[in-house]
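To begin, one chain is listed below as structure tokens, in the form predicted alone.
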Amino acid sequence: MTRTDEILSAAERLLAAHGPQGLTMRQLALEIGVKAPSLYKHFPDKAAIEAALQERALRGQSEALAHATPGLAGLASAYRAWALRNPHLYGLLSRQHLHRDRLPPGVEDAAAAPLLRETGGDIDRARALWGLAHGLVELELAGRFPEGTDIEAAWRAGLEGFQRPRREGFRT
């Protein structure tokens, strides 16, 4: 494991244990047993560490979606499962500023590619599908569904609208 990998693994542990506010250069240095200035040899600032963790998250999400069972339900299930297994990384992607300017080219596109494929390349439908999945995951992670809620039924109902043929315009 390289020193950079060691730093990122420690940062991920801090993120999981203390949330984004607990991910500081000082805490990270303590976690790996160095002085904080030593971190700057590997990362110029905290934003660079966050960006590297976001890259890890996007790659992990891409991997999970690439192995999803075919179809919209399989894709949604893989997205949900990855988010629930990795809530700290999911939060870093979804609740923090995305450091697009620091991500390697193509990483974000690779994560979005399965959604685009599933929606026939329609970027607006892909974004709407992502919004649905994101909203349901956020509610589940926050424990916002009332006890006894059939969360699977909520997912099925939401996905139903994307499985119907697209209508052109509205009728009144």
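Bear in mind that the values here come from a model prediction, so they are computed numbers and not experimental data. Basically, rigid core = biggest C-alpha set you can superpose within 1.5 Å across the two forms. Numbering starts at 1 and runs along the sequence shown.
There is also a form predicted together with the DNA; it is not shown, and the following applies to it.
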| property | result |
| --- | --- |
| Partner-facing stretch of 139 to 147, 36 to 44, 62 to 70, 126 to 134, counted where any non-hydrogen atom is within 4.5 angstroms of the DNA in the predicted bound form | 36 to 44 |
| Contact label in the predicted bound form: L23 to the DNA, heavy atom within 4.5 Å | yes |
| The DNA in the predicted bound form - contacting residues of 108 to 146, heavy atom within 4.5 Å | none |
| G158 C-alpha shift between the shown form and the other one of 2 Å or more, rigid core reference | no |
